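Here you get one chain, nothing else, as structure tokens; it is the form predicted alone.
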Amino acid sequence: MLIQSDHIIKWMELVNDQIDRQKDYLTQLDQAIGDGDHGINMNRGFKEVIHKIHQTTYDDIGKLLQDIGMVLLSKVGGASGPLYGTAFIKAGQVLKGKQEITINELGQAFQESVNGIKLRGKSQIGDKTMLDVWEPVTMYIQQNENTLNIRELVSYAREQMENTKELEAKKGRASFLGKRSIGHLDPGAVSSFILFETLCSILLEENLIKK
């Protein structure tokens, strides 16, 4: 079975549930090195996403992703809104007109998301941002598309998230702390891990890829 709009909607519902459960944790992470509102902003944004996508019938996966991106762009505050919004909008542009997609096409879409995050955030891998999860996970998907093991992908994504703890922040408010940012997880990397972990749950649950 290929990935269809209904699977993307289930993914967003699961993301919303997880962000809602972990919003206080995300906010605590952000209070340590950032603005202190990441969990609150992400929770508000994904609730708005669910409201939006439940009001419309989607055959076009690209249109669905672009709508998700536009909601995140307008409803999530701080730097996270533009970055997450850009990621989904760019993915949507790649998948425009598609009613179902393969893992290969999903990887291509995420690659455009990564390009968009880099351009929007003027960031690179190692800067202690969400990109430190997005870029390696996207590369992993593209390099292992034919033999992708979902549980290994989740472990790999978690490892990338945890690696941000030892990085010195180069972007955003956290960069003001310099070396004092070392020892803290990046909140955007944690919410990005939630995004990919929930995607993997849907891929397994719906039997969309070899386990």
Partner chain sequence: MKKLINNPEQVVRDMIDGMVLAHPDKLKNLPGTNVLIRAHAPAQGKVALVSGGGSGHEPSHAGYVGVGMLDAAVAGEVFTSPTPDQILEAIKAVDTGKGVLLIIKNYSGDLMNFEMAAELAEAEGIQVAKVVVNDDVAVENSTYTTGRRGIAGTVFVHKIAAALAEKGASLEEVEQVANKVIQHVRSMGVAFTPCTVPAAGKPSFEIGETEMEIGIGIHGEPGTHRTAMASADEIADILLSRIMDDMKLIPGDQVAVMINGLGGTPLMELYILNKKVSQILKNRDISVYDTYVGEYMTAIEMAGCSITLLKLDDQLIELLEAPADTIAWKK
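Positions refer to the first chain, counted from 1. In this text, all values refer to a predicted model and were calculated from it rather than measured experimentally.
Just so you know, the form predicted together with its partner chain exists too; it's not on screen, but the next bit is about it.
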item: One stretch from 104-112, 76-84, 133-141, 91-99 that, in the predicted bound form, holds residues within 4.5 Å of its partner chain by heavy atom; value: 76-84
item: Partner contact for Ile40 in the predicted bound form: its partner chain, 4.5 angstroms, heavy atom; value: yes
item: Contact test in the predicted bound form: Gly45 vs its partner chain, heavy atoms, 4.5 Å; value: no
item: Lys52, heavy atom within 4.5 angstroms of its partner chain in the predicted bound form; value: no
item: Residue contact check: Ser155 to its partner chain in the predicted bound form, 4.5 Å heavy atom; value: no
item: Joint contact, Gln31, Asp35 and Ser175 to its partner chain in the predicted bound form, by non-hydrogen atom at 4.5 Å; value: yes
item: Residues in 85-121 close to its partner chain in the predicted bound form, defined by a heavy atom within 4.5 Å, in order; value: Thr86, Arg120, Gly121
